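The data below hold one chain only, encoded as structure tokens and taken in the form predicted alone.
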């Protein structure tokens, strides 16, 4: 005990110097300060806020995170220094950044069955797919304006198709994949003002898979879509207007009588342009990040890279676990993240030949991982979702999640980013949940 009755550990001091790359209103003087060694990041944040408040009486409190040698502090300062073998005898330089964490939970959007697919690529609406066989457009993340009907079984994947170089205004295309073995293509006007959800039918059905479609992804140009299926194959489809010049997809027209349309309309059927074969079990996830490159994950424990033009497999990485989800992003948009039949989220760098070991592993979930997604603008941040009912936000600079969202009351089946600063997720509780307010 020390003279004041406190423990020696509690009274130990460490000299620190705070630095930042944030703009001048958020910069504190670079003089060193003596701080208690048992401070956590919350205590460090209070100190920085106190100094900023002394510099500007109108400063509003905001949370900060702290980096030492490029790694986020996630334990008491003294423990962190000990774990990293950093001397506490010299002045410790600590960089502070804005903390990234959701600050608001929006009202959930209720569905009639499990929400199995979400797409947040457009800032004005969210596309969801549901086990009731319907896809829905949620304008502003709150009002259902369109219902896509036609699938005869659960929707497993949904994708807004962003056509590059095509001025669409408020007209959008979307694709859905289903357990009914088909993909369907849809057109809708997001600006339509409707008092009740507008029911629309698909303008084209893509058939060819012999088992349930599990995952779909559109090409960067928006002219093609690929799909992964329980038939162990990946199919590539042309989704440009089928009546446009140069479309080589075999087409047959048939009359469709549907309550979704006020008049009888023609519906097109298309077949795939190519099939990628190599997986031996369900192709659970596909992504198409570059014009000539598709990535796939499978229950056969492998992640594979494919050359679209030749149809050849160019990289095959076996991880030892059945995989449910996959994404490509991070530094130089080159890192592969995948999750599956254990609680561990793994990240690989295919640019490093000769090694199949993950370069990062995150293990805070307690059940199978169902979704993972890199942030579009930040190569440091990604999210994951799990059967444990949680969505987690990750930063590559620490092994602990930045935030754990438990707004679902059952398994989380799908998740995505929306509007840069929001995380959206769907689950077996039939809810679309939105957590917003992050500054990334």
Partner chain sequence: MPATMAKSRAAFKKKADHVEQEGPEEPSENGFVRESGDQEEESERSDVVGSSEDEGSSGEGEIDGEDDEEIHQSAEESDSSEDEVAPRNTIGEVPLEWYKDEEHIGYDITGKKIRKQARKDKIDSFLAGVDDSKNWRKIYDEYNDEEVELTKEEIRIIRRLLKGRTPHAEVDPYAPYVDWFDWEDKGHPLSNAPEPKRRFIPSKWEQKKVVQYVRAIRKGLIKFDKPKEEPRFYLLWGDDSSVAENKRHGLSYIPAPKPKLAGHEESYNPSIEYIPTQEEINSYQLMYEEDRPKFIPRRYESLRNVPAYENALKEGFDRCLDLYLCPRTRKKRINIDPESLKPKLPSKKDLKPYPLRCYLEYRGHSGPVNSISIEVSGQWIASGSTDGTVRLWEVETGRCLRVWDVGEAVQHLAWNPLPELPILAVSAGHKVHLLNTGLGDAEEKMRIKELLHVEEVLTDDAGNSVSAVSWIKHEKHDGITLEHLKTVSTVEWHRKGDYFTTIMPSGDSRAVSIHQLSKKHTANPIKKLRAPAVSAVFHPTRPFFFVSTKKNVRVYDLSKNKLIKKLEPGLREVSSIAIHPGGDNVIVGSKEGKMCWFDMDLSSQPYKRLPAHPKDMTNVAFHRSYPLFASCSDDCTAYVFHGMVYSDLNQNPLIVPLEILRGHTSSNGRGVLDCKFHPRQPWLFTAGADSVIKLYCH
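None of the values given here were measured: they were computed from a predicted structure. Numbering follows the first chain given and starts at 1.
Separately, the form predicted in complex with its partner chain exists; it is not shown, and the next lines address it.
- Of the stretches 371 to 379, 63 to 71, 410 to 418, 28 to 36, only 410 to 418 has residues with a heavy atom within 4.5 Å of its partner chain in the model of the complex.
- A single residue from the set 314, 367, 171, 121 has any heavy atom within 4.5 angstroms of its partner chain in the model of the complex; that residue is 367.
- This chain lacks the partner; the member of 240, 199, 103, 301 within 4.5 angstroms of its partner chain in the model of the complex by a non-hydrogen atom is 301.
- Each of 212, 280 and 324 comes within 4.5 Å of its partner chain in the model of the complex, counting any heavy atom.
- When contacts are judged by a 4.5 Å heavy atom cut-off, residue 223 does not count as touching its partner chain in the model of the complex.
- Using a 4.5 Å cutoff between non-hydrogen atoms, residue 342 counts as a contact of its partner chain in the model of the complex.
- Put simply, residue 320 is close to its partner chain in the model of the complex: some heavy atom of it is within 4.5 Å.
- In the model of the complex, residue 139 stays away from its partner chain, with no heavy atom inside 4.5 Å.
- For the partner-free chain shown, just 131 of 129 to 143 comes within 4.5 angstroms of its partner chain in the model of the complex, judged by any non-hydrogen atom.
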